[in-house]
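This text opens with one protein chain seen in two forms, each one given by itself as structure tokens under the names structure 1 and structure 2.
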Structure 1
Amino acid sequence: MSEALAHLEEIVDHEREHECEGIGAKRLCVRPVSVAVLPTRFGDFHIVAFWNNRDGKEHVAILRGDVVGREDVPIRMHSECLTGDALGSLRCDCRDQLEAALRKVGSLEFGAVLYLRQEGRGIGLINKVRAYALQDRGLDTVEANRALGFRDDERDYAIAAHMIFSMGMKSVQVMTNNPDKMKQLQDLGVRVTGRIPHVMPPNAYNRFYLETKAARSGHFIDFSGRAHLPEQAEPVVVEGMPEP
């Protein structure tokens, strides 16, 4: 058994009955329940399954190497996208982002991809299809969400923050173009030490979607084709994070 797997199994055994007051506005608590080896076309990983107390949805951490007790762990927080991840939809860049993240993390000594069950920016699969129908009539992604009574983005990264705490990561570098992901993690007590840009080339079907994310949601996406260099984030530590 590898040292990384041994550390993860110790955490699962220790945390199996974990309960806490939760974090974030919804007082969310998660616990790791199982770990296994996961060989993939992108590299060899370990997968840790998590239960949460809010809605029973199951989330997973896909880990490369030993992340326990590590500083500056490269992580990607990927929200579930059935149409993109599984069906290969060209309306978004989700599958490209997921595969690129797994390929990148798979090439590193250590890192993590957190796969979060937050379909359609947190509005769910049915409402996502409804939003698609509104976009077919000319609305952009922000307008479509608002027309359905939602905010631009309903995702909550308290799940990811607690997963990071549970696995004993001391600080992370976030693979993202979305500044809100970094801010939410920092507000929840995660020490964020940097950003790793994660821009995918647009196609004819998703270019307007990506342009909307950049123009209206503040995502760091440059359509000029220039290289994107990592940026450093000021570390922020918030008191009151749950004890593992």
Structure 2
Amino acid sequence: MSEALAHLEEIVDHEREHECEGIGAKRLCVRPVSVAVLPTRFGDFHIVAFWNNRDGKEHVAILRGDVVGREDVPIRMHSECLTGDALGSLRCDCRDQLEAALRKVGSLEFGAVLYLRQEGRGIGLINKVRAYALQDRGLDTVEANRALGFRDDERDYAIAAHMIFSMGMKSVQVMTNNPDKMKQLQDLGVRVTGRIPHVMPPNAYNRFYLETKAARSGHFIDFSGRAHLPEQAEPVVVEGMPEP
């Protein structure tokens, strides 16, 4: 057994009874319940599955190397997107962003992707499909999208912060194009030592970012004429684009 895995198993064992007051206004608490080796096409990882005190959603951390007790751990927060991550939807950029994160972290000595099961940016798949339906009818309005849950970040950050504490990371560098994410984590007590821009390699599906300027309320319009909602709550950066 690797030292990294042994450290994680120690944590799972030690946290067996963990249920604290919780973090953030919603007082969210998570507990690492199980850990295993996870070889992927993007590299070799460990996966840790978490219980939480709010709902049946099982958040996971995908860890590279030994992060326990480390400083400056590169982390990426990714919000679950069934249509993008699993089904390869072209209505969003989630899969490209997830792959870029896993590939990047997989190439490092240590790092983490925190996979947050907050489908549709907070309130669920049904509402995401509703948002798409409104978009299809040309009713992609600010208010409707807001009501549909774009988005409940506070919850994501609290879960991510608690995961960082649970895994014993001493400080982190956040892979993001949205500096606000660093501040949110800091406000929750996470030591953030830096930001790593999250840049995706260009491919046939995201090349329009390089060719079009941000249009219509900051949304990018893809080749099919559809606006891409920023479902991971940050501006998309494709290699070759100027940094926002």
Partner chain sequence: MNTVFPLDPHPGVLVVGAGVAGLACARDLAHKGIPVTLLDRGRGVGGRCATRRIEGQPVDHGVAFLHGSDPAFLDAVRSVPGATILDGWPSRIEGTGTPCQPDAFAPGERRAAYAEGVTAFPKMMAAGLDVRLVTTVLAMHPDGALWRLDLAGGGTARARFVVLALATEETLALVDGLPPGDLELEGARHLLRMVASSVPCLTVIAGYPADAPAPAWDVAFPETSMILKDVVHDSAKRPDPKWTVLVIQAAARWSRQHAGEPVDAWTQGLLAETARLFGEWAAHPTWTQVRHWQFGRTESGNELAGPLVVEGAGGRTLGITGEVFAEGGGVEAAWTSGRLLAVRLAERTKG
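The structure displayed is predicted, hence computed values, not measured ones. Quick note, the numbers are simply positions in structure 1, starting from 1. Rigid core here is just the name for the largest C-alpha set that superposes within 1.5 Å across the two forms.
Peer 1: Pick one: which is the form predicted together with the partner chain?
Peer 2: Structure 2 is the one predicted together with the partner chain.
Peer 1: Any CA movement of 2 Å or more for residue 188 between the two structures, core superposed?
Peer 2: It does not reach a 2 Å shift.
Peer 1: Superpose on the rigid core, then tell me if the C-alpha of residue 38 is displaced by 2 angstroms or more between the two structures.
Peer 2: No; residue 38 is a residue whose C-alpha shifts by less than 2 Å between the two structures when the cores are overlaid.
Peer 1: Quick check: residue 199 between the two structures - does its CA shift reach 2 Å or more after fitting the rigid core?
Peer 2: Comparing the forms between the two structures, which are aligned on their rigid core, residue 199 does shift its C-alpha by 2 Å or more.
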